[in-house]
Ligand SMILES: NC(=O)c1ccc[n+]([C@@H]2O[C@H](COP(=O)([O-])OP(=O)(O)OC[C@H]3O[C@@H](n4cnc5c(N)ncnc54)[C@H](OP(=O)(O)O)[C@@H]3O)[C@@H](O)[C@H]2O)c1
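Below you will find one chain, with nothing else, as structure tokens; this is the form predicted alone, and questions on how it binds or moves follow later.
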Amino acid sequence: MKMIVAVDSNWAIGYEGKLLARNKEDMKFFKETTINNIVIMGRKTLESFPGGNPLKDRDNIVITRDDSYTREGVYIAHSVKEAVDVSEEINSDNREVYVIGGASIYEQMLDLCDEIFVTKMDYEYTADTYFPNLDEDSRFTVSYTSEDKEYPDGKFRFITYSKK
């Protein structure tokens, strides 16, 4: 299992239920990486998408504590274990499984992931939601860092963290 996330220089990922920045190259990377695969997310993440619709060309698994929650086009799970079980049941063709947020889901599933794809923006945004600082986590090491790239607020780079 893998994770994919965009963070600022303080490992922030969101503010008031929204992403911190619009970064076209990051969005393209996210789509190219997750397309035709399985994504796991929390209910609030799904509902933050345009129209609250699932991501196209991906199997979407949504974790929610609400037993009555339904949404067309998604698999519903009520725990991390159930989400993992669903991902295994629907993954007959050995696709990748990506955890895509939000903060609570990232934290609960971090130990289950072998690789984490981080878009690290060299900018400090106003934020209220954070991702664990992988630079301070002894379980992970940097296995790839791209060259610096430009986006409207400054520089960013793609970094891959791998479990030791």
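Only a predicted model underlies this, so the values are computations on that prediction, with no experimental measurement involved. Don't overthink the numbering: it's just position in the shown sequence, from 1.
Separately, the form predicted in complex with the named molecule exists; it is not shown, and the next lines address it.
Taking 4.5 Å between heavy atoms as the contact cutoff, choose which of 38, 112, 100, 134 touches the named molecule in the model of the complex.
When the named molecule is considered in the model of the complex, the option within 4.5 Å is 100.
How about residue 91: is it within 4.5 Å of the named molecule in the model of the complex, going by heavy atoms?
No, residue 91 stays farther than 4.5 Å from the named molecule in the model of the complex.
4.5 Å heavy atom contact, residue 18 and the named molecule in the model of the complex
Within the cut-off, so yes.
Wondering, does residue 42 line up within 4.5 Å of the named molecule in the model of the complex on heavy atoms?
It does: once the named molecule is placed as it appears in the model of the complex, residue 42 has a heavy atom within 4.5 Å of it.
Classify residue 61 as contacting or not contacting the named molecule in the model of the complex by the rule of any non-hydrogen atom within 4.5 angstroms, answering yes or no.
Contact with the named molecule, no.
Even though the chain is shown alone, can you say which residues of 61-91 have a heavy atom within 4.5 Å of the named molecule in the model of the complex?
Read in sequence order, the residues that approach the named molecule (within 4.5 Å, in the model of the complex) are 63, 64, 65, 66, 78, 79, 80.
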